[in-house]
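Quick heads-up: it's one chain on its own, the form predicted on its own, in structure tokens.
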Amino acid sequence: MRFQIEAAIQCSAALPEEGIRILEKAVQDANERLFRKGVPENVDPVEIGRITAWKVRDDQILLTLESGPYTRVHDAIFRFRKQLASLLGRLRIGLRGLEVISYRVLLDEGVTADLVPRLPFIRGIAERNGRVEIDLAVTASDLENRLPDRIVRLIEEKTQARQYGGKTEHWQLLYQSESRPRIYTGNPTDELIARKWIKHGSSRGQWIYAPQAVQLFRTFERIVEEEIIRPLGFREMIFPKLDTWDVLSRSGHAKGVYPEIYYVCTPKTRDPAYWEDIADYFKVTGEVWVEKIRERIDGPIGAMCYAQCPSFWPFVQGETLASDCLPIRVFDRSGTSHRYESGGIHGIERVDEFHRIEILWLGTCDQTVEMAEALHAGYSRVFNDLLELEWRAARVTPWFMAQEGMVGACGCESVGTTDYEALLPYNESWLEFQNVSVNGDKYPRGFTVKIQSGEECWSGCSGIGLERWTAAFLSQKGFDPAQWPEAVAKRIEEIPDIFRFL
């Protein structure tokens, strides 16, 4: 990767002959010494920032710098300006503004033009000798904020994402249970609809659950609480169900969540007079005046709950946790989560609005990994002995971890996710219905959470999706409680059909 900048440094006065001699020596010193500071000795000089051309025009110094990845041109030019300001100060000449005339980046081989983001900072994209070159429209302030580095890093992430290829390339089987007898082979969603235990809601990917379906949800909740949550010392909290941009930025979701979230907007005012014409329009037409509403809302201020655990973190943001309170173990089951499923909705197992218990823990690296192992053991026992499912566990690397280089962080290979998948006999596919993630220092770092002992703070989370547990269970065990495992059957009360449709 190559960088080139052309820039003009504005001086407080035209440079005299002595000033030009000082400038010439400063350029030589910068190329031979200043730009090499902090660079390993074995690096090829062509990879290090260098002033390749300069001239003086009236009260301006015109510079051209080139570099590889070391002492990149935007770092080099500020380093040079600082040194030059001290030298020219002896002549009572000050350095004022810095104008960026052009800034170009020649990307690595193999990076294609479609990977370059469409941002206002990208002035042009061209091809040079089979490589993509981008022309940046940046200011001195942008350089100080290291905008070129961020753009390059983004392109690198997009390149890695394309190479990543999804979970199928990062899936390692850890365990598979024994086969179970085929008790039922129907599609449970079709049966639930036929029994009128569920009906479509008015929104996309949304269901209304009748008492019979809800009782299954509550049964699974009780099993999780009695067999896993309480024995492992987790305590209940209530997390917000609106994630602001600040939360999504700190959690890292703002890097790419936009196609999958339900956005939240607020009215510009609560003044009834401001909204009277919209209310009147509905009274006359029976239709909601959506176009006018768009004009009168602010935001979006964030998103409806997407991942459930990020909204916990402001509770500990900026805090130092006492070592003797660790590991902290909490869970939330207070509301719905919402995702605009880009892959399409299907049955009760792939929906836009879903219900789950979110388990979250944080502590030292060892404590976090130990808790994940305890959860693995608990889930295994529940799936094998209580629900009697045919299931498997696989280690996966979620993209958000891969792109942040978190796998193997701190020498611990436990960073990552274990997915639990249940067999769906009606189509012989596997449904991911549960997971356990060790997230390393991702969230503590994003929300600046520290530990009293000075050890690095780590966290983990595990989402228990009630729709998916129900889909997995009914797909294998059917709808006859007499054929259900005792652990489930004994917790189920008979509920009469309280709705009779004519």
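Since the model is a prediction, treat every value here as computed from it, not as a measurement. Sequential numbering from 1, following the sequence displayed. For clarity, a rigid core is taken as the largest C-alpha set superposing within 1.5 Å between two forms.
Below, we turn to the form predicted in complex with another copy of the chain, even though it does not appear here.
Within 4.5 Å of some heavy atom of another copy of the chain in the predicted bound form lies at least one heavy atom of S334. The shortest heavy atom separation between I223 and another copy of the chain in the predicted bound form exceeds 4.5 Å.
Although the partner is absent here, G110 lies well away from another copy of the chain in the predicted bound form, with no heavy atom inside 4.5 Å. Although the partner is absent here, E494 is a contact residue: one of its heavy atoms lies within 4.5 angstroms of another copy of the chain in the predicted bound form. Contact with another copy of the chain in the predicted bound form, judged by any heavy atom within 4.5 Å, is made by just one of Y379, F312, Y420, F80: F312. Put simply, of A140, L431, I93, L321 only one has a heavy atom within 4.5 Å of another copy of the chain in the predicted bound form, and it is L321. Segments offered: 370-378, 84-92, 387-395, 290-298. Contacting another copy of the chain in the predicted bound form at heavy atom distances within 4.5 Å is 290-298.
Scanning 252-269 for heavy atoms within 4.5 Å of another copy of the chain in the predicted bound form gives A254, K255, G256, Y258, P259, E260, I261, Y262, Y263, V264, C265, T266, P267, T269 in sequence order.
Put the two forms on the same core and the Cα of V369 is off by less than 2 Å between the shown form and the other one. With the core held fixed between the shown form and the other one, D385 has its Cα displaced by under 2 Å. Fitting the two forms on the rigid core leaves the C-alpha of A113 displaced by at least 2 angstroms between the shown form and the other one.
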